[in-house]
Ligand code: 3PG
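So this first bit is one chain, no partners, the form predicted alone, shown in structure tokens.
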Amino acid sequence: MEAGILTLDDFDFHDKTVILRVDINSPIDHKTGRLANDNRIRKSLPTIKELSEAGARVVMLAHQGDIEDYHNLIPLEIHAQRLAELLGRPVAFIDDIVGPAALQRVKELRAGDLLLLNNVRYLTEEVSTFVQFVKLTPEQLAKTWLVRNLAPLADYYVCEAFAAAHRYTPSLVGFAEVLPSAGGRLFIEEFGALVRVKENPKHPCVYVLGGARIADAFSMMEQVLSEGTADYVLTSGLNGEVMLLAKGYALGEPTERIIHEKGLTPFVARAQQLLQRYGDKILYPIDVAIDDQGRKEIGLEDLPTERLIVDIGQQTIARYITVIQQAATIFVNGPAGIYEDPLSAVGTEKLWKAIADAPGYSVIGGGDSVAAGAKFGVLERMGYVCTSGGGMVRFLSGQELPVVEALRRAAQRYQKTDKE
């Protein structure tokens, strides 16, 4: 058991049917119809392989896209094909989730077989709007169509979807209410890495928060600063620009218009409050890069500017790197600029390389952050690369994760396992 959650080591899966919830939600190249990135699929492989080699009949559930992300709401056949290629063994796919054809296919599985059912987001119970408007208890989730039809065919439930641990759906929470349940290898790894950063970090602990998701950054900042988890927060991207507005700097019409259009103006007041309470711990840019027919760097004394701010400047980069080099723990979420564009990628590239080279333990998470790390070739040198985005943010913001709570409840019910 790890952190109150049973693991694969707690059960004997030989000749048993396992419902395995994976998170292989992947970016799609809509020009080719192929997967644009298979990182999450690769991360799920160890648990899939371990269960199959243990002689389990593995029934995989996964999602791809959502109502809010409709262009990515596609069947999982290409995911099954990629899994088979990477595993070097057949992965069956059926264009059904919990209908008669799917249930019959599950009953026909033999020891070691792998079956991927179709996209669970094709079920009303699994889409985000259902969760938002239909408030169900965990016990009620266990009585939904998916769970009450599929669970009787299974012996165990394993969750390998930490990236979706903040979701409250039948496939993530319901099965854990009715079946002996465990966290997969990746689930336990990711949760452990975030616990290490949030609850037991070595100090100095530094949070590097950039990007455009201001709400996420502020939730984390407020939590880790109030708890004393973070010794410093290094801000960049729109997060850093909001901090500059809170300090009284006018940024210029192009940048301020973007902040206003994105609905981020209310965060200026929150930033002022944070700076008043934790001013010595929050670092903000001391120079910036603008788009002036090419990259040009200016100091704060040159603000406001009629050019768009696109990145942090070299003085800020140097200052942040000094803090990073002295840190014992580093958490990274959100690039300093648009890392795909050379004009605005300098800050992200230099900070990411400094983090990779720093002696402290580093955790990097979030889609853009990880993609930037891959682009600059530094992921292998990070302490831990987290596949999670929303789950990671909510955990570090002090919020409970429904899937973690469900697995802990299951552990209380099934502590006496069949290996004891």
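A residue's number is simply how far along the shown sequence it sits, counting from 1. Every value quoted in this text rests on a predicted model; they were computed, and no experiment measured them.
Same protein, other form: the form predicted in complex with 3-phosphoglyceric acid, not shown, and the subject of what follows.
Check all three, 42, 82 and 158, heavy atom within 4.5 Å of 3-phosphoglyceric acid in the predicted bound form:
No: none of 42, 82 and 158 comes within 4.5 Å of 3-phosphoglyceric acid in the predicted bound form.
Give a yes or no for residue 163: in the predicted bound form, does one of its heavy atoms lie within 4.5 Å of a heavy atom belonging to 3-phosphoglyceric acid?
Yes, residue 163 is a contact residue.
At the 4.5 Å heavy atom threshold, is residue 57 in contact with 3-phosphoglyceric acid in the predicted bound form?
No, no contact at 4.5 Å.
Taking heavy atoms only, is residue 46 within 4.5 angstroms of 3-phosphoglyceric acid in the predicted bound form?
No.
Considering only heavy atoms, tell me if residue 390 and 3-phosphoglyceric acid come within 4.5 Å of each other in the predicted bound form.
Within the cut-off, so yes.
Stretch in contact in the predicted bound form with 3-phosphoglyceric acid, which is absent here, among 350-358, 30-38, 46-54, 63-71 (heavy atoms within 4.5 Å):
Stretch 63-71 is the one.
3-phosphoglyceric acid: the contacting residue among 295, 213, 105, 185 in the predicted bound form [heavy atom, 4.5 Å]:
Of 295, 213, 105, 185, the residue with a heavy atom within 4.5 Å of 3-phosphoglyceric acid in the predicted bound form is 213.
Have a look at 281, 167, 319, 307 for me and say which one sits with a heavy atom within 4.5 Å of 3-phosphoglyceric acid in the predicted bound form.
The option sitting close enough to the partner is 167.
Even though the chain is shown alone, can you say which residues of 101-130 have a heavy atom within 4.5 Å of 3-phosphoglyceric acid in the predicted bound form?
If the 4.5 Å heavy-atom criterion is applied to 3-phosphoglyceric acid in the predicted bound form, 101-130 yields 121, 130.
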